[in-house]
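Given next, in structure tokens, is a single chain: the form predicted on its own.
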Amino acid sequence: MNFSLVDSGIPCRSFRAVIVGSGTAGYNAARKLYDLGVHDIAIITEGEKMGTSRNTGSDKQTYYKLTLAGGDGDSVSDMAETLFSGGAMHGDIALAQAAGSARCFFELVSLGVPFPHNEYGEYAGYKTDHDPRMRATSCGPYTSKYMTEALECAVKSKNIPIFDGYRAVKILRGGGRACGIVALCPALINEKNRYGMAVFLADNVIWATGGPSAIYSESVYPESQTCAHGMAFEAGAAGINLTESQYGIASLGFRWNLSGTYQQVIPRYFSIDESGNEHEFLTDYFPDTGEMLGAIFSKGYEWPFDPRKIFRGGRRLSSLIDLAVFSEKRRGRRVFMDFRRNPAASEHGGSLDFSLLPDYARKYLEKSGALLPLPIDRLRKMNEPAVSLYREHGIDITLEPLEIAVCAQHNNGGLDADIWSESTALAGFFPIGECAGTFGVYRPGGTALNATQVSSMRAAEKIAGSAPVTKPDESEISRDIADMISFFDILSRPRIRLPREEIFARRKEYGRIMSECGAFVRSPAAVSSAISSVRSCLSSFEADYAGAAPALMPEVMINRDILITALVYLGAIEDYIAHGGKSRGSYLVTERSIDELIAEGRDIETDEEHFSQVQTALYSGGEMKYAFSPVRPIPERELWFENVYNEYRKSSVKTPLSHK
């Protein structure tokens, strides 16, 4: 195909850096680059109002930072050790995340994010999961939303160009590095530019696209968050710790994780079978009522599923609830949480029998002034915004139960990057925020929000301190674009049009494969079967999507990205299990049925062999390569001031004043 980009009618723009994504990480990267003197930048986004940062949260959405109140000692080293001790975590990454914590937090404060403090200016904290101190803070249910809005205002005050409505579909390579992206924008479709393509050339590509939500059908991520990892894998970026994600109980009608006070008020769990029969199923799994109530309460601060918290020394713990929900759904039943009634086994005279609660739960409710008759009464007393939040989304939990499932919530792994957020396998490509594999097996709640700010800040500093690169040869770029046009031509040629609904139905089916086989319950046979299913879908992709209209190509390419991402992730799970990997983090590896495990009631054996290793992944031409290697330790570093000062003066890393 003879093709000239100049004559194609496809708009082509050139920048020092393009940022793909408009969440907390993407906006912060743009803001920092501009402040460091790099003004030749642009943000490319599917939709400014889309994505996870703006559209998700929890009853008390946590931001994790260095301790900034009280007299309890804390340090960068201590925080780095907490992150590193989560397992399968590089020490230098942990140190960079800890060292940037306070600086990034106070920048958000200066932008107006309403983190609470006392009259003396101390930012009080609380303990979150996997947190040995009290480093967590929160603005309430919408912490990440407030962050996004504050950062968006800062970006727009600088008049940084934002290309809204552009879906990235390919990362361009030239000279052995990332050199731009191709995006699709239906508004650009015309007679010459048949698919609404746009080319953005750039010395550096910052990938702030969030987690791979749409590989799962049951997910806490908002529906506007889909997937963009497949493009990165195809371009040659490496993955790391792709086996590691977090899963927990969430509502389905409005996607929201049901942690914190939603559980601590001890709601009623029940299922409904095909005949409409209602059943409070937790009593089948917890013969002891007090143990069941304690497990429900503990689910509030032990929200992610954890195989270590199913059984312990004969006791039944909070993560048994996740397995119970999963088992009920496997039986074809719908599962609900109900705040209008107490669990039947605990009710006495129309109220909860508080004498049945473990001491720690009863004292917590008593201290909160919440020894009240019904779960909804207790929730209103402890956290009224948790009730109004659902009402704002058309659900009144005072009148109806919430349908729930165990859902994907956060990917601890992702795309592999160094301490400056640059890809370890693709120069000029910077995965930041959740799409970067910043964490290992366990992580304190709220570290994801800290990572969005630290990783974006460090990417900006690295780019600002680097020399501009030679632009790629147009022939390289033209070949890639010509191949894409040929691919789209093949899909759109048939006269019988593929309905939009069919594209979304297939997306849901792809997600079902992953949720059933590659989420928090994993069996070797199911994972192998899922890989075969995904490969089959990829091999028949052109035939399956024949007849897609040009305006639907962005949605078609999202589905393709989902399949490639799912294939690489499932392959990582299969490779981990093949190397002897056992249950850990937020997933259960088993060849036995859940009913058998529960009936046996034994502690789950968890993985230790791979705790000090990371698994990396590369994808090329439909084939994956995986490798395990030791984690890098927390570095021994220079801390003598005069030496640090002199090294810093010679450094190419930029600060807001150094470019002036």
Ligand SMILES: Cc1cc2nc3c(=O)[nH]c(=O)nc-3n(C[C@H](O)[C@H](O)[C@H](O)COP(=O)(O)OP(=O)(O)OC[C@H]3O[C@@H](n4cnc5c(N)ncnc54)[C@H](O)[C@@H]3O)c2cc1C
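Residues carry their position along the shown sequence, with the first being 1. Just so you know, these numbers come straight off a predicted model, no measurement behind them.
Omitted from view is the form predicted in complex with this ligand, to which the following refers.
Contact check at 4.5 Å (heavy atoms) against this ligand in the predicted bound form: none of 304, 319 and 346 pass. Although the partner is absent from this view, residue 449 contacts this ligand in the predicted bound form, with a non-hydrogen atom inside 4.5 angstroms. The shortest heavy atom separation between residue 67 and this ligand in the predicted bound form exceeds 4.5 Å. In the predicted bound form, this ligand stays beyond 4.5 Å of every heavy atom belonging to residue 601. Although the partner is absent from this view, residue 208 contacts this ligand in the predicted bound form, with a non-hydrogen atom inside 4.5 angstroms. Contact annotation: this ligand lies within 4.5 Å of heavy atoms from the stretch 43-51 in the predicted bound form, the single such stretch among 593-601, 29-37, 611-619, 43-51. Between the options 168, 335, 426, 379, the residue in contact with this ligand in the predicted bound form by a heavy atom within 4.5 angstroms is 168. The contact residue chosen from 559, 101, 261, 225 relative to this ligand in the predicted bound form is 225, the criterion being a non-hydrogen atom within 4.5 angstroms.
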